[in-house]
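Take a look at this single chain in structure tokens; it is the form predicted on its own.
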Amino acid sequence: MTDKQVTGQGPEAGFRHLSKCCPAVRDGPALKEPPVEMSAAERFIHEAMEVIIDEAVKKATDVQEKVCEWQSPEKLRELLDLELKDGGESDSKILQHCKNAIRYSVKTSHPRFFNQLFAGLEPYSMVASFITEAVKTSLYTYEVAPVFTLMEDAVLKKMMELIGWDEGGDGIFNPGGSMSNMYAVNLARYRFCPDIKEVGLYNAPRLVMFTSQEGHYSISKAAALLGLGTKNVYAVPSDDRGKMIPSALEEKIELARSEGAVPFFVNATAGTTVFGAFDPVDEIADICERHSLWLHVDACWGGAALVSNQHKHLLKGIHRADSVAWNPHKMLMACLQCSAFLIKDKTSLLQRCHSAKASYLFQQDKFYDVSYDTGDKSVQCSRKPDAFKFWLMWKALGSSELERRVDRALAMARYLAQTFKKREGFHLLMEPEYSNVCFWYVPPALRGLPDGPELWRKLHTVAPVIKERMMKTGSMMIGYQTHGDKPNFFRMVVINPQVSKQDLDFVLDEIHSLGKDLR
């Protein structure tokens, strides 16, 4: 309905009519209050930064300090004073809350933190994080984030070079590798069935996708979220080292087609979560080409090997992928979160798939080149400028230092594996291919037992008890899990360049000290 239809007059009268319909604003006392005084805010920030340097940098990276100060949820709830009240508290109390938040958090920058696929303190990336929070912008249009828009573009182009896409491509930083994998599934589906964006799944074929049994669970989550269904994710068998078996992939594709399904997507993994295994991308790419399937490589963990001349062979064939997920916040140590999704396509597929053309953001008659407004490529609206955290550290360190970091981490993992072989009671599951080192610790009381159900049953209880003890002493932090029919084992991940051989030797001594009484 037009303004003229509403008012019986032209647009100008319509605007006057609308203004008359608006309720009067009661100013009240709010407008009489003075603006916020920034000198107090600046003083508090200075004081808080001193706390951060002392507690979250110096102490958190000191090998003599604890990795964590474990408290039960009930006790921690009391210690933190979590209640939010009507009245505010003094800056001194707020600074104490800051100290407590750091004190009772796990120190992932500690040299003896080996629990996750991220670790260590990266000073340049940390400073970049401070800057992005201080500038407080969102990466959707060039007009509101000009610097970070160009930096994201520069970082993505450099990452594409390392992948081997000489002619470039497209991409975007987003909150985590799981989101990157979801982007890949959605783009592949859109390319295969573009009508789904507008008409939905109605009358769509039964689309199915494939990933190895060692692939990340985010692939199944993407299937659930996008309405494809987790039962339409075919798990492809892996070999003893955790690598997808190409012939098994071919068999699964033929099986799916015989069941009336329509294959459209294959996920290969470069660096699996548990074993750090690399799927044979080149052979998988051959299969995808034969069957016209989208090939995505989840290199969230293993992508860092691309910066190393010594180890980039692990991702041989990745240049043939249609899309790649790569998390610089893992092995390369950028501050969380820093996750890139990259695609070889240069036809604006990313934008066409996700664009909603919001007129209040993406006006086409702006005074600058609107191709720099990247926000319509994303499923988000607000988006943090995470690429800056990678850009600044890359500028500071250079590619050569990033390469040294990767080479050193893998060398330390090999040193650890060799040390296990010399120590009684420690047994590797397999030689590490990356920096994941998986092993069992067998206490003295169990060493005389023959291989069999009794040993496996008792061994299954060892890792959880040692993990509890190490957490409560705060001496170190290492993950454990079961896998298939294997009893619980430790998965230790070496990343932090601050880690020394002495730290790795300490791990073996401490595990034995914590578990030698178990039976």
Partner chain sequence: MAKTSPFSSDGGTLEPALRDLTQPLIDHAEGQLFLNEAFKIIVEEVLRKGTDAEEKVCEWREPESLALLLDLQLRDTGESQDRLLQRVRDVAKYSIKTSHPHFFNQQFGGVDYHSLAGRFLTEALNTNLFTYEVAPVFVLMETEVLKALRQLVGWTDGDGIFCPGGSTSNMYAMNLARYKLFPEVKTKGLWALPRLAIFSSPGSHYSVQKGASYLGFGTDSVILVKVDDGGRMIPEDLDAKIELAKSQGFVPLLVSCTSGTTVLGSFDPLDCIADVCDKHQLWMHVDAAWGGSVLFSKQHRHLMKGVERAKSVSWNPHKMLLAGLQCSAFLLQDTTNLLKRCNCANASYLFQQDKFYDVNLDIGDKSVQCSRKVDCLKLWLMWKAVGSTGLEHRVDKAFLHVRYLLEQMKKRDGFQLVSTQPEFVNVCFWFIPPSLRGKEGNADYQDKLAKVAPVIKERMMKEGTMMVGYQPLGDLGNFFRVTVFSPHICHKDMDFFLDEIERLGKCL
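Since we're looking at a predicted model, the values are computed, not measured. Residue numbers count along the first chain shown, from 1.
Below: the form predicted in complex with the partner chain, not depicted.
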Exactly one of Ile245, Ala235, Leu349, Met179 comes within 4.5 Å of the partner chain in the predicted complex through a heavy atom, and that residue is Met179
Of the candidate stretches 377-385, 282-290, 314-322, 248-256, the one with residues having heavy atoms within 4.5 Å of the partner chain in the predicted complex is 377-385
Requested in this report: Verify the contact flag for Lys467: yes if a non-hydrogen atom of it lies within 4.5 Å of a non-hydrogen atom of the partner chain in the predicted complex, no if not.
Outcome: yes
Partner proximity in the predicted complex: Arg423 to the partner chain, non-hydrogen atom cutoff 4.5 Å: no
message: Within 4.5 Å, heavy atoms only: does Val155 come near the partner chain in the predicted complex?
response: yes
message = Just checking whether Asn115 would be counted as a contact of the partner chain in the predicted complex - the rule being heavy atoms within 4.5 angstroms.
response = yes
Of the residues spanning 62-90, the ones with some heavy atom within 4.5 Å of the partner chain in the predicted complex are Trp70, Gln71, Ser72, Pro73, Leu76, Arg77, Leu80, Asp81, Leu82, Glu83, Leu84, Lys85, Asp86, Gly87, Gly88, Glu89
